[in-house]
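Below sits a lone chain in structure tokens, taken as the form predicted alone.
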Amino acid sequence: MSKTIEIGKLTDIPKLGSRVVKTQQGNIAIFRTMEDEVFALHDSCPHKQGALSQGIVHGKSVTCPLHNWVIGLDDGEAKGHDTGCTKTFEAHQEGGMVYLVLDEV
């Protein structure tokens, strides 16, 4: 069972930026790309748990601010020679609003 929660307006998240949502499942970073796509990841790098929400968004990836690991926004997988994964969540926008889908705990 899952539930969809309204996060806010798309324009509240800067292009190539993020916003953190505190949930029972931990902090979730909602990212906005230059093309206005939205993605949601657990706000923790698989390497040293750096806050991905403070990283640099480029294309459909984010670079962790601690050690420059590049994490795919669509799959949460580390890119290049690094290995690891952070949990992804379903996020979408509709009518200028951003929604996050969470499994009920």
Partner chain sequence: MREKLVVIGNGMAGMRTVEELLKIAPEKYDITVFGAEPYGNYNRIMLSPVLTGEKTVEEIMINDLDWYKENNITLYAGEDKKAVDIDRRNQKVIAADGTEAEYDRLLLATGSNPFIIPLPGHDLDGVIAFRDIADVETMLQASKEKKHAIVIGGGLLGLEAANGLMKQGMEVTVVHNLDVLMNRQLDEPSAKLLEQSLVERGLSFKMNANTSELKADENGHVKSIAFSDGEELPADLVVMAVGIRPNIELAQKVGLHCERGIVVNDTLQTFDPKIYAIGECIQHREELFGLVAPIWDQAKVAANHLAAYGIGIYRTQATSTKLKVTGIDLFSAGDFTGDDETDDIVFQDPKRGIYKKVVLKEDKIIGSVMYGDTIDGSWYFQLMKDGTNVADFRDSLLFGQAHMGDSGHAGVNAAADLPDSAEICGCNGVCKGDIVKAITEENLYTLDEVRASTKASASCGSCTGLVEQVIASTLGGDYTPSESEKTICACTNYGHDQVRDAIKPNNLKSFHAVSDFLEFSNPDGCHVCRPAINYYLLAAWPGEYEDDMASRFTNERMHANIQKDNTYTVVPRMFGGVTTAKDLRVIADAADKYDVPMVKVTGGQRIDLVGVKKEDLIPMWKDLNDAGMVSGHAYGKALRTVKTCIGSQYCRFGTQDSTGAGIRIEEMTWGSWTPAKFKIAVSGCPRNCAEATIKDVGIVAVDSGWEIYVAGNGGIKVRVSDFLVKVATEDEVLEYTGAFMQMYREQGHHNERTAPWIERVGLQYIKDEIVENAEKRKAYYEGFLLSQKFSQKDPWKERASEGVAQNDFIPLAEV
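Residue numbers count along the first chain shown, from 1. These numbers come from a predicted model, not from an experiment.
Absent from the display: the form predicted together with its partner chain. The rest refers to it.
Proximity of V20 to its partner chain in the model of the complex: non-hydrogen atoms within 4.5 Å are present.
Interface residue remark: D12 is counted as part of the site for its partner chain in the model of the complex, having a heavy atom within 4.5 Å. Residue contact check for A78: none of its heavy atoms lie within 4.5 Å of its partner chain in the model of the complex. With a 4.5 Å cutoff on heavy atoms, H58 counts as touching its partner chain in the model of the complex. Contacts to its partner chain in the model of the complex (heavy atom within 4.5 Å) from stretch 50-72: G50, A51, S53, Q54, G55, I56, V57, H58, G59, T63, P65, L66, N68, V70.
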